[in-house]
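Below, in structure tokens: the form predicted alone, a single chain.
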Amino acid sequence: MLVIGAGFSGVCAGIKLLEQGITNFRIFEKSQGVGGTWYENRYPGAACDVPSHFYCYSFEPNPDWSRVYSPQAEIQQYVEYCVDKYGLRDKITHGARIVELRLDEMAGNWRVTFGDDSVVTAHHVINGGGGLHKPHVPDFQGRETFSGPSMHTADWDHSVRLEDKRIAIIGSAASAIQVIPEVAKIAKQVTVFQRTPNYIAQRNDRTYTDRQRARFRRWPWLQRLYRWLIFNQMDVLLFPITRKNSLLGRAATRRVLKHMRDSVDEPALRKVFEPDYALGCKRILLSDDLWDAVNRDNVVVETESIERIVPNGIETADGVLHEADLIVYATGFDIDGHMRSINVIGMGELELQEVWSDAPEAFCGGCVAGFPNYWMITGPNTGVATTSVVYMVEQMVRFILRMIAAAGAEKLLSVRQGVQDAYNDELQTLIEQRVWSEGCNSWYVNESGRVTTLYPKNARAFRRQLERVNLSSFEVMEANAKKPTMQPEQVA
């Protein structure tokens, strides 16, 4: 058995495999450390926008989180701790980039090829790769001519000094609003190039006192209660905001915009930060210190589109040159590309990229017809808008392990095409009721205009959905070394 990735998903899969007494597996990680996105994204100010007591495994609570929203280093250390506590360190191979998965139908195994052309085989493959690891950098004209250093937030170079530099930050979304306040403290000037304004709500972050952490350690039930309260706040109070034209959504919009207007000193800038789309159509962002940074004399917000990059800065469409010593690309990730980063070839030489030529889709986000025993933890339409992805990961891992137990070491499970089609038809109908489908330009939506990332129900519904799946949704096939095909088996 093979697991791809050593972030929250892959580590969770490894822990649960060991709990089931399954030891014949390895975790292959392309980077040199564990933590996934929390290993890759080390830019100044990096932190999670889900409270830490809910952004951790339910089976491994951490009473010692330093803040409500803990910073990157602390989250990455938590994953390291889990790897060591549960004995996964020797199961992980680092620097192993997988380029192809090819089904050997006769043997009933996946042939896994790495970037160095080495090959292993596995009866089951669990893809725990996440979406926030393949940086997206727009192909600006002249990008390669810039004479100073440049970096994406997910590939931060800490050797580059920021003090007294003129820094251009391209982008104004999730990573940008965390970077801007930090670099503004030490840079000579920060110019933020904003294409689209975002709804930015108060984070209300704070540190936990020594006394509070001591209570969590002494009374684990208190920590479980706190986690349950966070879960319900997100599932019951926040999720309804995602419904189109909801009263809660309109009320939340007024609160968010009022906070922005009250916080931005310059009247002309307030209009710059007002979105012209519905709250939630794009990701709702959280920050306590962005507006303070915007009010600083050394921070400039530029809304003219970028025409080209030149050796000494950035030219905008109005012909103005914005001189810069450093360019930071806070331009997000290639979400669709991450799902296609490995060439997956299933039954009858069917290529997953061909199947997904219009849009990625799967059954329950975890498996695809024609690709037996290939399991995805954060596949299409498993993303979250108002809950913790770690919670979703745990539910999916539980489901995958149940299917692996049913297949065992001999059988192949492939979801029936009709079952998958019916699931996705219902999914897209539900998505049409959500604010994400209102037409704004968002990473939630692929090039064909289809929402392929988010799950349109709340976290409880996701858990119940996976619990109800049974083997009747799958073809169960036996590998036959004498024949190049599988013979379907009747399932009750």
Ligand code: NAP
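Sequential numbering from 1, following the sequence displayed. None of these values were measured; they are calculated from a predicted model.
Keep in mind that the form predicted together with the named molecule is missing from the display, and what follows is about it.
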task = Report whether the minimum heavy atom distance between residue 224 and the named molecule in the predicted bound form is within 4.5 Å.
result = no
query = Does at least one non-hydrogen atom of residue 49 fall within 4.5 angstroms of the named molecule in the predicted bound form?
reply = yes
query = Taking heavy atoms only, is residue 136 within 4.5 angstroms of the named molecule in the predicted bound form?
reply = yes
inquiry  = If we define contact as a non-hydrogen atom of the residue within 4.5 angstroms of the partner, is residue 39 a contact of the named molecule in the predicted bound form?
reply    = no
ask   = What is the one choice in 280, 129, 383, 171 with a heavy atom within 4.5 Å of the named molecule in the predicted bound form?
value = 171
remark   = Answer key, the named molecule contact in the predicted bound form at 4.5 Å (heavy atoms) among 54, 462, 28, 43: the residue is 43
inquiry  = I need the one stretch from 175 to 183, 291 to 299, 416 to 424, 78 to 86 whose residues put non-hydrogen atoms within 4.5 angstroms of the named molecule in the predicted bound form.
reply    = 175 to 183
query = Along 433 to 452, which positions have a non-hydrogen atom within 4.5 Å of the named molecule in the predicted bound form?
reply = 441, 443
